[in-house]
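The form predicted alone is given below as one chain in structure tokens.
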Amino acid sequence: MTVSPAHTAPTAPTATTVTTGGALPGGEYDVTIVGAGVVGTAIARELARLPLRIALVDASDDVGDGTSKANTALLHTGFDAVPGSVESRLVREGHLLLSAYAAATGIPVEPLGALLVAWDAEQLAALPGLAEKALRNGYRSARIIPAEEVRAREPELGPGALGALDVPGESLICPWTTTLAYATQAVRAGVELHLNCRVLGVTSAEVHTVATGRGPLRTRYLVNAAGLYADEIDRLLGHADFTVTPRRGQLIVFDELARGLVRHILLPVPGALGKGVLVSPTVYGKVMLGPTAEDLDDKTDTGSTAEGLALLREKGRRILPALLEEEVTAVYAGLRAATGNDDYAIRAHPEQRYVTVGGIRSTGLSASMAIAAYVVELLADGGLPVAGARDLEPLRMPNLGEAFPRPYRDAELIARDPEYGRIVCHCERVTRGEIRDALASTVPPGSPDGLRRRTRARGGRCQGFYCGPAVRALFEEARR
């Protein structure tokens, strides 16, 4: 099934609260979530069903501005998780939940399927174990295919492939729209989003007093979904059972002309540091090569290195040689929250009315909705009243996916509103209408980069060389 988003102008927001500066509102919150990444926003959305006062705070000027913005953008089935782990259950459940949510809200998803390609005898011998692992994780569609079938399904694959594990349920997804959809629905349902709000300390008594860079915040329950900083928040509450090591993943994005070279998500047989280097299309019509897996000390080091990019090119040359002849659109790096453990570090501390959501690796996007439901269960076990839940207002997000209709191609939409026919970013074919909508949306961007994650403007082969001044002018005009 292919999810088919359609562009719709944003619904006019009702009274909502998104703050980016100044003192925080007074009074006491029922629940506060620290961290507005894909997991934190999913938790906020789940809690928004309840008649409670909820706050979502983040140190950044935007939602999804940390680990959630730079990942491999895959919707995993959980076939290769550790069987019996919390991660296995939540990815499996989350895959189903997010697939349905994406269809309902217009988040672009492309169900291409994945091939785990074996390049040597050792990797080939590992495939039956991976197939058995998939079964133990409740995934029954994986099967081993011979080299001839691999070659037929991926004609541009490099020489030497000995076979593969076919996992047809793996999909591409837009991580930016996912996080933004969660946040938008949460805020429209009454969650108060406070950005540029770094947590500095926590004093716990009958009520938590959270010291932030924007003043104190009082809350009865606290959820720590701070990603790379989840261990540091945990220590403020007196816990030290895991440590986050930032694991840098560098990636290379190739131009849309490379898209015809690859038909599936091409995964290596996984090793100790994760799923390894993959070649994958993106929902934006590009091809991605990466990531590296480098354990660092610096939680802010998202720079690319010559060594890392050379490693990726070496790996990519074996997987898909013709890819290396294509033009590169961008290189970037993201940080994953590795803990050295094989499972998520989700801990309830009911005596403190506190839940830690730590160690959420790259599968967190896929598991996000199931994690959110699990966290609400843990809060309820700790005494949070959960009666009176309601359905949230339906939401339809603007489409960023290249495989689906976009405004510049929609003659009827342009006839109704010519701004959708005025292209500003010619590489990504982004119109003034889309930029206008994003700047006026419920959760507006805090920077031109945030605008890019909402529209793709400045994300093409020129990286804003031509459209950058015009995009920035529109952004600055909207902030006056």
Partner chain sequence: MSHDRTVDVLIVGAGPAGLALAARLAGAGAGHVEVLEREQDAGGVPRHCHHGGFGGPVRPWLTGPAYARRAVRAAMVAGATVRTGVSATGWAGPLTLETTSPAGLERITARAVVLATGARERPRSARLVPGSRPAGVLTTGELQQAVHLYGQDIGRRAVVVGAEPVVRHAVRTLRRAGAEVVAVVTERPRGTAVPGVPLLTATTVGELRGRGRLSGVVVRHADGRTGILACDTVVFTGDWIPDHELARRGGIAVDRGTRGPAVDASFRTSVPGVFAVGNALHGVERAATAAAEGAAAAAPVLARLAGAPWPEAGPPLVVRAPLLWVTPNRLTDLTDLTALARRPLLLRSGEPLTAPVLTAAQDGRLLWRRRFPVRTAPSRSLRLAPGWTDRVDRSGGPVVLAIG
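A quick note: this is a predicted structure, and the numbers were derived from the prediction, not measured. Positions refer to the first chain, counted from 1.
One more form of this protein, predicted together with the partner chain, exists but is not displayed; see below.
For the options 235, 390, 409, 140, the residue carrying a heavy atom within 4.5 angstroms of the partner chain in the predicted complex is 409.
Contact with the partner chain in the predicted complex, judged by any heavy atom within 4.5 Å, is made by just one of 239, 313, 263, 218: 313. Here the marked residues 328, 461 and 473 all reach the partner chain in the predicted complex, each with a heavy atom within 4.5 angstroms. Note that among 59-67, 42-50, 424-432, 437-445, the stretch whose heavy atoms approach the partner chain to within 4.5 Å in the predicted complex is 424-432. A residue is said to contact a partner when one of its heavy atoms sits within 4.5 Å of a partner heavy atom; residue 418 meets this definition for the partner chain in the predicted complex. At the 4.5 Å threshold, heavy atoms of residue 256 reach the partner chain in the predicted complex. Mapping the unseen interface onto this chain, residue 200 falls outside it, with no heavy atom inside 4.5 Å of the partner chain in the predicted complex.
Taking the partner from elsewhere, residue 22 is found to have every heavy atom lying beyond 4.5 Å of the partner chain in the predicted complex.
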